[in-house]
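Just the one chain here, laid out as structure tokens, in the form predicted alone.
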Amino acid sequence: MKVTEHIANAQGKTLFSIEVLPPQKGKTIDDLLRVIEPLMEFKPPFIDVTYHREELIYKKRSDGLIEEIPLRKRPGTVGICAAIKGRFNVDTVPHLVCGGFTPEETEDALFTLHYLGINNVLLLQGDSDKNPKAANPKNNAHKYASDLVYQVARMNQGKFLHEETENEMKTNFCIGVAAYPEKHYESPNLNTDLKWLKHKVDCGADYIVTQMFFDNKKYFEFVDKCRAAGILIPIIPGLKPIAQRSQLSTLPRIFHIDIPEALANEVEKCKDDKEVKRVGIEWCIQQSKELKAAGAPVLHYYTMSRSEATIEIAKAVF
């Protein structure tokens, strides 16, 4: 079932969903399934699975030359989605990013998802390439998420990259995209960011999931601005509790978000990260309750493939 169908069927009830990471190499799918299993008590209608592009390492050869070696630290998102769907009979939402695939590889991945009965995707620009000087960059990869949205929307119309597949079939993907209540770091201002978000919607996006935030006021204001700009599709808030004191600096640096003064002050009072985790959970519970009372369609939790904090929050909210 599509994410938008789950939202419609809920008839105004706020749903619970999670995002997980594929297990690192050396771990098995069972490690991830054990994280997900206790969260199934809260009946998530769908589970997101992130995508991690390959990295490059450089190794000096015996002849003195430098060899470029592709390295993928986590297994494929598509296979993980199929395993989760098979184990829990829950819809999965694989993430696809621009820089990770050529348009041809994107189409192949989407055909595989179509055959597996997975009909939701979250389409992202993706993290910046950690290897900008790679010897063989995929120059024809999509640059912007809107281009990826446009490709998937065309597949839904039966329009593919090569003529031999034209009109033989149509895919039926529900297309999710990302948004940033505090604006994308590459945008000069929020209004410009909204213009490009509207472009993704016009290209075919069906719903939106936000970057994490810690101030609900920013989410509510963002939704109001979206509606005024003609963006009328569901906007799902993304949430993550603070768990370590160091995140007061790392989260703003990595994700370009603000930590409210009240939350930062409470974290600064903590003697250790155990107390920080407690503060983070309580803050996220209050955030969640307010968002639920305001009618948010789904509360989407970034678990980082750890379940303990999310379980405690869900028990208090759902």
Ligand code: FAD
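Start at 1 and count along the sequence shown; that's the residue number. These figures come from a predicted structure and were not determined experimentally.
Quick note: we don't show the form predicted together with this ligand, though the next part is all about it.
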Margin query: Can you work out whether residue 244 and this ligand are in contact in the predicted complex, taking contact to mean some heavy atom pair no more than 4.5 Å apart?
Written below: no
Check: Quick one: is residue 16 in contact with this ligand in the predicted complex, heavy atoms, 4.5 Å cut-off?
Finding: no
Note to self: Please tell me whether any heavy atom belonging to residue 221 falls inside 4.5 Å of a heavy atom of this ligand, as the geometry stands in the predicted complex.
What the structure shows: no
Note to self: I'd like to know if residue 283 sits close to this ligand in the predicted complex, meaning any non-hydrogen atom pair within 4.5 angstroms.
What the structure shows: no
Check: Want to guess which of 188 to 196, 153 to 161, 213 to 221, 103 to 111 is within 4.5 Å of this ligand in the predicted complex, heavy atoms only?
Finding: 188 to 196
Notebook entry, point to check: 78, 233, 226, 209: which sits within 4.5 Å of this ligand in the predicted complex by any heavy atom?
Noted result: 209
Item checked: Members of 140 to 158 lying within 4.5 angstroms of this ligand, judged by heavy atom, in the predicted complex -> 144, 145, 146
